[in-house]
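In the form predicted alone, a lone chain appears below as structure tokens.
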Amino acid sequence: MALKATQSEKTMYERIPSVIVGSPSEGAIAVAHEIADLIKQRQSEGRNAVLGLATGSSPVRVYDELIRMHRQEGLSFKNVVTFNLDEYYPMPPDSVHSYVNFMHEQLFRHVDIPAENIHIPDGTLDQSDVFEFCANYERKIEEAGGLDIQILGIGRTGHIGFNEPGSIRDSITRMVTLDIITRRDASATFFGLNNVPRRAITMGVSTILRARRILLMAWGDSKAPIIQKTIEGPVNDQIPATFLQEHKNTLFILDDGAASHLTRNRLPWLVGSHEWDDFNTRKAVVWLCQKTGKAVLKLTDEDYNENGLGELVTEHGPAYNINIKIFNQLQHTITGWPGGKPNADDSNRPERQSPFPKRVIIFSPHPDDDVISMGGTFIRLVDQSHEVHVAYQTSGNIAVFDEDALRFADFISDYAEIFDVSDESLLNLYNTFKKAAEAKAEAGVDAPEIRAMKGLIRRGEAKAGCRSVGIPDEQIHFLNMPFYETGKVKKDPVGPADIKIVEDIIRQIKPHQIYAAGDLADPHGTHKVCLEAIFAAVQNLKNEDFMKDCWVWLYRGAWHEWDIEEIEMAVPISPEELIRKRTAIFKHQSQKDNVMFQGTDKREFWERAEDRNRNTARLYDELGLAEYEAMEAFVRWHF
């Protein structure tokens, strides 16, 4: 696809051109092809192509496609000169965390670019030499003829490169202090916030803006708020990416998630004529209730007309008719019987009353997502006599601190000594683990025996959580999908072996219901890969007879919740069930108090879950529905 934005009344609030692609892969490939076209054009002119490159997850697929074109189509990089945006400081180039290492692993060592054409900020400099280095970096960019294309990602603070909030328009390459949100976002890769450098060397805003073409990529729901502010908000040094509004040849490449908060998607009725199907009508009515502070049944024709929804009233009004219809739709999403209520009229219920009881698989990406994200529904399903199985897709081993693994190793060593176990490997286990943990500081990856110990810790916690809910051990399944077992935060893509593992458990259980994590705002990507494997497995099995009676429900987790208009099943949770859910979450002791991948939210996962569940119930209450203590929400996937 060609990367070209189209302007219309739908984009009237947007100050930067953008294109919305079907998937991150599609967008990244299009970016790679634009870069390749530039390289070929410069080759035909006998000139160098000068590229400004970025690190992070957003451009990885771009580099993959450039490597493919080099290997399969003969694309040469001999005339390419590159300048990277940034580097942590201090940072040795051979560290697994360095951007020097990243760029060589992801691109440079796979193509024929001359080493002297590669430029990356130096994280090994003495502090007294940084200023001169930065001035030389600017000079080298100019001597190369300036940047032809600069590719960018965007941080949740709105940073481009490491230009954090407060960076001025005229800033150039320099050393900066990293924002705490940026450091927290990076803490997973560094195995803890304390290990993340506090400073970095970065190109400045003006350096970036001097590029002749700027391509910014953003993927996923977690980027939606900052993308909306960047594209539609005023230029503001607290969101440095807004300075891109002043560039005449910038394009944002977004997937549906990242673009979801743009006015054309979030409030489309404000930017032109709109198709009023059931979903869009419900979305508009929920928005109107929240804007006016009124319940659904209290909205008037004047409320609709004064808030840009006159077309809806004209086509489907009066307001009373619209209100009743939407109220009933919302009411019908609520059920205390997530597996279906036996011997009941199910014509207005989200789930079928038969078969009853049902066989159920709850897929949990990590060993605690089941109880954190849908613990109340899990409890309901078990209490209502369904045969509930939990399938833990990954070991979750990278989320366990070294000291927790060492504590268990110490326990085993002491046990072996006290009970006179002769096995030397058990007696020396603690010392072996301690040495392996110390060696990790250089490698950045746990030794296999530490990974195994950490996986067993999480496995034991998952079993304890399931037992507290009430299912037997034989209904607890640990899939240990291969994509996850890299020992690093960065995982492999989903592969045939992962999909087959999911297929096999579905074939074994032949479920009537599948619950899967649709929480794609998970900042580490594991949920997305796990969901891709489930979708692929279900598609492969969809023609099997048992799948004709299987429904797939998607839940969301600690990072995000479904919007009210999206919810198709809302399961109320009583105060007593909320306490039982909390108890099940507490069984995951390695994930309590101090969590490896906390993110920017300082609340513990049980607090996040309870606050989110209570907020969903509050939103239903404010719309005029029944008042509940808490609610868990689901959307059905039609395969």
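Since the structure is predicted, the reported quantities are computational estimates derived from the model, not experimental observations. The first residue of the sequence shown is number 1, and the count goes up from there.
If you look for the form predicted in complex with fructose -6-phosphate (F6R), you will not find it shown, but the lines that follow are about it.
Only one segment in the set 152-160, 366-374, 457-465, 392-400 has any non-hydrogen atom within 4.5 angstroms of fructose -6-phosphate (F6R) in the model of the complex, and it is 152-160.
The shortest heavy atom separation between Y515 and fructose -6-phosphate (F6R) in the model of the complex exceeds 4.5 Å. A residue is said to contact a partner when one of its heavy atoms sits within 4.5 Å of a partner heavy atom; T55 meets this definition for fructose -6-phosphate (F6R) in the model of the complex. Fructose -6-phosphate (F6R) is not shown here, and in the model of the complex it never comes within 4.5 Å of any heavy atom of Y484. In the model of the complex, no heavy atom of D446 sits within 4.5 Å of fructose -6-phosphate (F6R).
With the partner removed from view, the residue among Y555, F243, Y99, F252 that has a non-hydrogen atom within 4.5 Å of fructose -6-phosphate (F6R) in the model of the complex turns out to be Y99. Checking E503, E232, D86, E561 for any heavy atom within 4.5 Å of fructose -6-phosphate (F6R) in the model of the complex turns up a single hit: D86. The single residue of 207-240 lying near fructose -6-phosphate (F6R) in the model of the complex is K223, the criterion being any heavy atom within 4.5 Å.
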